[in-house]
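Okay, here we've got a single chain as structure tokens, the form predicted alone, with questions on binding and movement later.
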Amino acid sequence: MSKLKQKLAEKIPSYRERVTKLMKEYGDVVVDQVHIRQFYGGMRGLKCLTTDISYLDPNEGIRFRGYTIPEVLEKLPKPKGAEMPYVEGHFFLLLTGEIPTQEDIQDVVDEFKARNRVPHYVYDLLREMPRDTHPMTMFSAAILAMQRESVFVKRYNEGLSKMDYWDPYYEDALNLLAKLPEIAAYIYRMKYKADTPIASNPELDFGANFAHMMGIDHPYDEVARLYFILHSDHESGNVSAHTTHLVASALSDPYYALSAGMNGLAGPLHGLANQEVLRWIQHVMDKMGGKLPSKEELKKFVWDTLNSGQVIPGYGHAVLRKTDPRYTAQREFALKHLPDDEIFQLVSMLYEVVPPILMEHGKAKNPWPNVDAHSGVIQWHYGVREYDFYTVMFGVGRAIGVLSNIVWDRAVGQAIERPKSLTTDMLEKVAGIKK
């Protein structure tokens, strides 16, 4: 048994005791109230899910297992000479709640290397799809195609104690994660780089190997590590995380669940936001004749945009009330590595101009930038200029968090998710509306 799996096996019993006690002795304690607006407003803000892997603090942003993003980037071990931590170490942290040692990380690195061979039929499937198929469709289909490999399905059909469901879920999760960078990079090279895939390099870590297979030189390996860590998890209520949890709650295996989660990520209100931001930024530059605007010109453009009833993409967040730390982490990277990039310079200028205008405008609860205001700019700088592919990279990162979550769902025996629905007539009666 690997060290990571042994660590989980040691932690699960005490965690089960905590959950059992909460359910048995405190199950009737009221946590939240439901308002009619939440019935129609996407359950916004309703406290009804649980995850210990990440928490979205309105002021500090995402905390991964209690650690802020700056703490994660500082405390996690890094490959020799690297700026950004091992993705493998971040996965260890999400699964166990502990900062890994170099030895712990090497264990995960070795695990991924032993599991990263992509079945040939996945390539056959991808190559049979029309080349104008969206890369997220390809990515989701490749994940789903591998469902025949599920360890959980085989062991469940043989007869498996509910207490042991987490074990084959863990196996499926690691088998999947190990393969995702190669699948994603293969889709990119096949679709956009004249069908010239680059073989995996077993000597490289998760992030560096992805950069290698993309065919992009250093420091893109640092970009990949940072990108996957920042996009890994975002509580459990967002569409990709919740969908993965929901499908897995039916004991659908991780392949079914992750493929479904990726389909949710593909929506323009979720994972496509980063490409929409970059498109808008480039539109601003086009409007300015291809040059950097002055601050006064940019202020006028922002006001004109707002006054026409449009929004400034990449600004505002449903929960955050300060600048997204994921934005800040990417900004610090850009200041070091691409300070003269004109698109980044425009992003910086927007950071100075937009928040005061949004505060004066008065309609935005949070006038500060979120992660999407920055991520596409860095990808563009390093030559990944195919907007449609950005969400696939988001998906590789998000898989780290959602797969960790569903392993723990099975460890504590979470039930199938089945909320109750009410009719509009019923809600009108609750509201005291007389017809």
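For every residue, the number given is its place in the sequence shown, counted from 1. C-alpha atoms forming the largest set that superposes within 1.5 Å between two forms make up the rigid core. Remember, predicted model here, so these are calculated numbers, not experimental data.
What comes next is about the form predicted in complex with a small molecule, which does not appear here.
Though the small molecule is absent from this view, in the predicted bound form it lies within 4.5 Å of a heavy atom of just one residue from Lys78, His270, Lys191, Lys299, which is His270. Between the options Gly89, Gly314, Pro181, Gly261, the residue in contact with the small molecule in the predicted bound form by a heavy atom within 4.5 angstroms is Gly314. Look at 365-373, 380-388, 399-407, 46-54: in the predicted bound form, residues with non-hydrogen atoms within 4.5 angstroms of the small molecule sit in 365-373. Remark: all three candidate residues (Ala318, Leu358 and Phe394) come within 4.5 Å of the small molecule in the predicted bound form, counting heavy atoms only. The closest non-hydrogen atom of Leu306 lies within 4.5 Å of the small molecule in the predicted bound form. With a 4.5 Å cutoff on heavy atoms, Gln345 does not count as touching the small molecule in the predicted bound form; it lies far away. Though the partner is left out of this view, Thr101 does not reach within 4.5 Å of the small molecule in the predicted bound form, counting heavy atoms only. The closest non-hydrogen atom of Gln310 lies within 4.5 Å of the small molecule in the predicted bound form.
After superposing the rigid core, the Cα of Leu125 is displaced by less than 2 Å between this form and the one not shown. The two forms, fitted on the rigid core, differ between this form and the one not shown by 2 Å or more at the CA of Trp303. Put the two forms on the same core and the Cα of Pro77 is off by less than 2 Å between this form and the one not shown.
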